[in-house]
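Take a look at this single chain, the form predicted on its own, given in structure tokens.
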Amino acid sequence: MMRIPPAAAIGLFFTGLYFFIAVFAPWIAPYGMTEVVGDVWEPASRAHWLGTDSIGRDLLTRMIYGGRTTIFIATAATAISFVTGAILGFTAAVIGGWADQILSRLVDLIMSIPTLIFALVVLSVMPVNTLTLLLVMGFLDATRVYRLSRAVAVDINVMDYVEAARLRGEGRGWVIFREILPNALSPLVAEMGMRFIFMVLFVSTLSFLGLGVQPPEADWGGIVKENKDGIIYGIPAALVPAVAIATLAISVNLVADWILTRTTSLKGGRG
């Protein structure tokens, strides 16, 4: 940690700041999330640091609560996708045969449909709530994680130490979680950062299209939708969440790249 590169330190700072604000949003936000505190699209002032939104709510407050919702959904959906995709990918690689073929062809079928279109179709016939969003986003993205996990596990599965574990009589669970998983962490960690940002963009896109987080709840995509008409009049309210998404994306990727470099160098040192 003492030799952390400047880029990674910046990424850690902003990533930690966003997560800190998300966790403590009710104590940090100056107003209530749905409280109307001024006129429509007031400019920035001492009372409203980012101005107000399209119906007179404090934009900073909406951004804080919106960040909380966006980060929570993106984090939970990423966890679902990685737990599901990694376990299925490792299992398919270890078992092989018909199980591998069935899982892989099912994943190919799901991936052949554009993710956004698939999500819109599912959400249009199901009640849109947080649980539904998490499950739809998590399981759709699990197909990408499955592909990566299986590709990595297939190479590790033929290594000598895995064969030695089998000769000792270890079961598939041991091989997956004690032999394959620790040696597959580097690519998975790098992919996790990318999938998290994809989830942030995914939920923001769904909210912008009206099938994500529902009003009066706030999220960054919904804030863009609520204030998009202000761009015509030079009101920057819709651009604030875009800047927040870009900053978070860059920060998380800087941290993921640093972790990938550290884990790779540590493995090389042990070798």
Partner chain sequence: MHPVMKLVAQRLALGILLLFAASVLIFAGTQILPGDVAQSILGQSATEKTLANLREQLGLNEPAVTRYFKWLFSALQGDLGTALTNGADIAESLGRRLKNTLFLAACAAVVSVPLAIALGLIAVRFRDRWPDKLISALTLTTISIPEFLLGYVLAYFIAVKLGWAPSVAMINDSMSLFEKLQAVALPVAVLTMVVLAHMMRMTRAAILNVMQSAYIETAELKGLSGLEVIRRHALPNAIAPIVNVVMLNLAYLVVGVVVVEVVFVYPGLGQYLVDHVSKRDVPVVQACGLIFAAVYIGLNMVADIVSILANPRLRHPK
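Here the structure is a predicted model, which means the values were calculated and not measured. Positions refer to the first chain, counted from 1.
The form predicted together with its partner chain exists for this protein as well; it is not shown, and the discussion that follows is about that form.
- Among residues of the shown chain, residue 97 is not one whose heavy atoms approach its partner chain to within 4.5 Å in the predicted complex.
- Though the partner is left out of this view, residue 70 does not reach within 4.5 Å of its partner chain in the predicted complex, counting heavy atoms only.
- Within 4.5 Å of any heavy atom of its partner chain in the predicted complex lies no heavy atom of residue 38.
- Although the partner is absent here, residue 126 sits close enough that one of its heavy atoms falls within 4.5 Å of its partner chain in the predicted complex.
- When contacts are defined as a non-hydrogen atom within 4.5 Å, none of 80, 85 and 259 contacts its partner chain in the predicted complex.
- With the partner removed from view, the residue among 33, 28, 50, 211 that has a non-hydrogen atom within 4.5 Å of its partner chain in the predicted complex turns out to be 211.
- The contact with its partner chain in the predicted complex, taken as any heavy atom within 4.5 Å, belongs to 111 out of 76, 103, 111, 181.
- Scanning 143-175 for heavy atoms within 4.5 Å of its partner chain in the predicted complex gives no residues at all.
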